[in-house]
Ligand SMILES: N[C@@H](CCC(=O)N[C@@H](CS)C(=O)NCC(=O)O)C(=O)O
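Before any questions on binding or motion, here is one chain by itself as structure tokens, the form predicted alone.
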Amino acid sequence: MHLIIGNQNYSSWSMRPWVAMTYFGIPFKETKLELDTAAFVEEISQHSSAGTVPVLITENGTATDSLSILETLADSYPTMWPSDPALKIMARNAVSCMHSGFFALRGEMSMNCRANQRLLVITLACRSDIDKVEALWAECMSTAAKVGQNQGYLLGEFSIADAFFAPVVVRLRGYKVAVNAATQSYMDTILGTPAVMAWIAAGLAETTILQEDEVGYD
């Protein structure tokens, strides 16, 4: 399989399938395209008419959205979702919330692996999104604990849900957001996950700076 991604410092949507595929040991070829360049439009058009990253090219077709990519992969790698039926539903609900919501958080706290303890004036809308994320994470982990699944991730063992929220963890850390103890513990688990560490390291190694790091890649 061939995964096309954007800059690892900035592209949160690219981070999701890359981290999941790396964590679960799914072999893939990687192509990284430079965002916000004249060449990007031409290059991405060779792989997808959607004009966005990430893109996953498989022998059966091309998936052009992070959720579509991970759902496609889960058909062949079902352990990417929790095995417990109730936890699997919760994982899918959480992923759907992230995929289609939290717009204030995403808009005000752009993905940036280099943002190290950057102070941010958070609006009420953004703080509301953060509170909702914390409540969602707490609900997931509490439910997982009740069925004996308490490995530090959202629904027990690492799943697609954790891959989807990994960029949020990077944001909360980088922008020095005040969070509760349970959230911090989850963040520490994610930040200590080798696949996430590898993505962040690759992002930090990049030298490209897009619009003085004031980019809208959520």
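We number the residues from 1 along the sequence you see. Just so it is clear, the structure is predicted and the values come from calculations on it, not from any experiment.
We do not show the form predicted in complex with the named molecule, though everything after this point is about it.
Task: 4.5 Å heavy atom contact, Val177 to the named molecule in the predicted bound form - done: No, Val177 is distant from the partner.
- [ ] Using the partner position in the predicted bound form, report whether Pro167 sits within 4.5 Å of the named molecule, counting heavy atoms only.
- [x] Residue-level check for Pro167: no, no contact with the named molecule.
- [ ] May I ask you to check whether Met187 falls inside a 4.5 Å heavy atom distance of the named molecule in the predicted bound form?
- [x] It does not: once the named molecule is placed as it appears in the predicted bound form, Met187 has no heavy atom within 4.5 Å of it.
Open item on the list: I'd like to know if His99 sits close to the named molecule in the predicted bound form, meaning any non-hydrogen atom pair within 4.5 angstroms.
Closed with: His99: contacts the named molecule in the predicted bound form.
- [ ] Check, residue by residue, if Gly51, Pro54 and Ser66 all come within 4.5 Å of the named molecule in the predicted bound form, counting heavy atoms only.
- [x] Every residue of the candidate spot has a heavy atom within 4.5 Å of the named molecule in the predicted bound form.
Task: Location of the named molecule contact in the predicted bound form, chosen stretch of 154 to 162, 187 to 195, 22 to 30, 35 to 43 [non-hydrogen atom, 4.5 Å] - done: After filtering at 4.5 Å, what remains is 35 to 43.
Open item on the list: Just to make sure I understand: among 10 to 45, which residues lie within 4.5 Å of the named molecule in the predicted bound form, judging by heavy atoms?
Closed with: Going through 10 to 45 in order - heavy atoms within 4.5 Å of the named molecule in the predicted bound form - the hits are Ser11, Ser12, Trp13, Leu35, Phe40.
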